[in-house]
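This document opens with one chain alone, in structure tokens, the form predicted on its own.
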Amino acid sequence: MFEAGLEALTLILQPARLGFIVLGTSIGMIVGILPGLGGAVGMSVVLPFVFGMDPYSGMALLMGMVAVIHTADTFPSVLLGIPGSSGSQATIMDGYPLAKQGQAARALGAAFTSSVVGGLFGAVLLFATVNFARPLVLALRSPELFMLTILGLSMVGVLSRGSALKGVLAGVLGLLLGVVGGAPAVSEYRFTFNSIYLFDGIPLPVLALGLFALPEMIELLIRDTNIAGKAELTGSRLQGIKDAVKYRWLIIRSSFIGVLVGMVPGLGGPVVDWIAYGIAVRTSKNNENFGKGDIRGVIAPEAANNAKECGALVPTMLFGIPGSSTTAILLGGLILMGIEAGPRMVSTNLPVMLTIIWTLAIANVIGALLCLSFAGLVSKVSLIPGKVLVPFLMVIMVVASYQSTRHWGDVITFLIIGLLGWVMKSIDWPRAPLIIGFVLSTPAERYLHLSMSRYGFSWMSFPIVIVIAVIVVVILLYGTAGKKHKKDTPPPGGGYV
């Protein structure tokens, strides 16, 4: 295995293939910086060009882009309070408050350092476990997958420190919005009101943009000031790097969580950052500043986000089961290059698999260095007056929401959800639980239906199910005990976002 890894490194270090990595990284940066686009859009743009390319060069281009998107999407999340992609929502919780305090460069420095470490850690872990991951993934049947979604839903309590009841109600609202459209287990449509647009449900990018972005734009106009709220910036990239070094064990732990959650098909992408953030809140000392501008709230989700990409490759490559829209398009790229995903990826096609791992590692380093280089300059966006910045951002957000399905309903949904988000922010209701409920509603319904149809109620006695249930109970009890002993004060201006 070690010799094969060195051979793959030799292949990927050829000048032409390094050039493709740099090209993919550059495209990924552009896609990541533009709010609401995400990996699926970038992959769709690049995919036609890999036709006819050799697998090593094609993977260098595709994976170079994938690796850096979740690094570059930190820019809009921190600077504007707008999710750069569906996997960068938790970074807003503390990244945007830091930008309001004039510490955008510090937040970006910590985020990019955490991202590169998370990406490298994930690549190393993937390399070490690629031959042993198959039994782990096969051990997860529908009951275990259902319990993992419940574990994710338990995070709503962690993210609702101001009021558990408000958090639960917001999570329930997210579950209700998630059932709009076709049922995942039976052939019926719910709450579509005879609108063809709603047959496929509410698009996640539109929901995330409306829930988080539009309320911040409205508030910025109301305050009639810049994002930082001051005339100069404090904090620096170097300070952020030092913060990442200080909390290095948080990065390692969050990266490990990212890899594990990424391995679960259909669960990792949009929710792994929330899980990492929630665990960071509950396991950190002096956690009363989370949601108000705690640098640990930036470090944890950013490390998990990049590590997740490595974990998601396990079901994608070994079983041909995509864990997200990005990996689904990646499978299409493999087919275009004459490679079939499956067990052969660790036997006949092992050099290609190892090339992918090396590309992820190299692209993470290149992407982080590029982002760190521009962080100081780009952070000055937070000094631009709101009345100048908001019209420009509104155009970008409307276009980004429209590209989800290319239907006028995207724009209307964006505005409606945006008003809902603004109302929730105004009356101090947490918005994060709504996103978690929405993301997990479909897999929870699907896996529960499969579990009941296959096993009846006997699945509740499965060992892994019991272990996950105990973890969920411990999280909920620990959260309740924490509230009894210390009352957290919600941050000014709308509590937890």
Partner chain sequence: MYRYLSLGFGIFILLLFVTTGIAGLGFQRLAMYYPVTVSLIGTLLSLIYVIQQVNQLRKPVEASREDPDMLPFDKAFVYLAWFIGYILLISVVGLMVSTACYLGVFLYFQAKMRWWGVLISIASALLVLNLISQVMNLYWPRSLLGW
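Small disclaimer: the values here were computed from a predicted structure and weren't measured. Numbering follows the first chain given and starts at 1.
Another form, the form predicted together with the partner chain, is not on view; read the next lines as being about it.
Would you mind picking out the stretch of 332-340, 298-306, 108-116, 394-402 that comes within 4.5 angstroms of the partner chain in the predicted bound form, counting non-hydrogen atoms?
It is the stretch 394-402.
Report yes if all three of Leu151, Ile196 and Val314 come within 4.5 Å of the partner chain in the predicted bound form by some heavy atom, otherwise no.
No, the candidate spot makes no contact with the partner chain.
Identify, from the list Met53, Val465, Ile30, Ile471, the residue with a heavy atom within 4.5 Å of the partner chain in the predicted bound form.
Of Met53, Val465, Ile30, Ile471, the residue with a heavy atom within 4.5 Å of the partner chain in the predicted bound form is Ile30.
Tell me, out of Leu140, Leu260, Leu221, Val365, which residue has a non-hydrogen atom within 4.5 angstroms of the partner chain in the predicted bound form.
That would be Leu221.
With heavy atoms only and a cut-off of 4.5 Å, decide whether Leu450 touches the partner chain in the predicted bound form.
Leu450 lies outside the contact set for the partner chain.
Just checking whether Lys246 would be counted as a contact of the partner chain in the predicted bound form - the rule being heavy atoms within 4.5 angstroms.
No, Lys246 is distant from the partner.
The partner chain contact in the predicted bound form: Ser441, any heavy atom under 4.5 Å
Yes - in the predicted bound form, heavy atoms of Ser441 and the partner chain come within 4.5 Å of each other.
Is Ser426 a contact residue for the partner chain in the predicted bound form, using a 4.5 Å heavy atom cut-off?
Ser426: yes, in contact with the partner chain in the predicted bound form.
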